[in-house]
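Just one chain is shown here, as structure tokens, and it is the form predicted alone.
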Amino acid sequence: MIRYMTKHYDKLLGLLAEHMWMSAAAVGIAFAIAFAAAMLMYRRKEFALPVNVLCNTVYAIPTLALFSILIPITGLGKTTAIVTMVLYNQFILTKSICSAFETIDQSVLEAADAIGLDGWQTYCSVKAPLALPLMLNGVKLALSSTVAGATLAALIGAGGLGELIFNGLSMKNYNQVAWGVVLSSLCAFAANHVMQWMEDRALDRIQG
């Protein structure tokens, strides 16, 4: 493995960067969409059931099947991989964001209203800080699963660390496979650690 790394370190770093970029882009886009959907569910309860059913249905579709559905529309490559990961992440993110706002103590909101805060001030000063830890927890789960799931993106020509694993298996180059597994695991561990640190800081601000 060390010999393979010293000989192909540029390839390893390139695929690692590609993997991290795809994962971060997918979670970032997914969060923006999920936040809008969660706010709709939070403010208009009648939308909660159809949004949840849609998210649950998409999440139940196997990854390769969803690739097959999207490829005629978005083609082979990173676009299809990112769209797939965005769709899967709605299951985790919409639920976590909506729950984050629903679990805010109503008495806190009443106190904010009593001191004269308007809707936007209440959102920025009260709701968002209190909801942030749970939202970050959802992002942590989404990012960890995305980093792991992004390895399958190599099957449709999107690159990433899955390229090491699948090419290594086809050529019986197990050092290459091992580096793909090790780097994807380290990437998931690092993402989880960073998001946990951010979640802890958000909790400290509330408790402090």
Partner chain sequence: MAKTAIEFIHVHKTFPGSGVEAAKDVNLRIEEGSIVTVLGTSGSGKTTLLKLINRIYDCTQGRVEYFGKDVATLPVVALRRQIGYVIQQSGLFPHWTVERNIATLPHILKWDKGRIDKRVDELMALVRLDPECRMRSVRKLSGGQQQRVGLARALAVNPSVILMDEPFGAIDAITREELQDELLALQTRLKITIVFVTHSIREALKLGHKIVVMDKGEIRQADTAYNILLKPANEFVRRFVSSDDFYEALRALRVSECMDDLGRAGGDPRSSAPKIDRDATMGDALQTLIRSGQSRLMVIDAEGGPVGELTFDSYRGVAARSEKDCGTA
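Positions refer to the first chain, counted from 1. From a predicted model like this one, the values you see are computed outputs, not experimental measurements.
The same protein has a further form, the form predicted in complex with the partner chain, not shown here; the description that follows concerns it.
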Practice item. Heavy atoms, 4.5 Å, the partner chain in the model of the complex: which of 87-95, 109-117, 134-142, 69-77 makes the cut? Say which one. Key: 109-117
Exercise for review: Indicate whether the partner chain has at least one heavy atom within 4.5 Å of a heavy atom of V83 in the model of the complex.
Suggested key: no
Review point. Looking at the partner-bound form in the model of the complex, is Q121 within 4.5 Å of the partner chain by any heavy atom?
Key: yes
Check your understanding: Is there any non-hydrogen atom of R201 lying within 4.5 Å of the partner chain in the model of the complex?
Key -> no
Point to revise | I206: touches the partner chain in the model of the complex, heavy atom cutoff 4.5 angstroms | key: yes
Revision key, fill the gap. Taking the partner chain in the model of the complex and a 4.5 Å non-hydrogen atom cutoff, the residues of 129-148 making contact are P129, L130
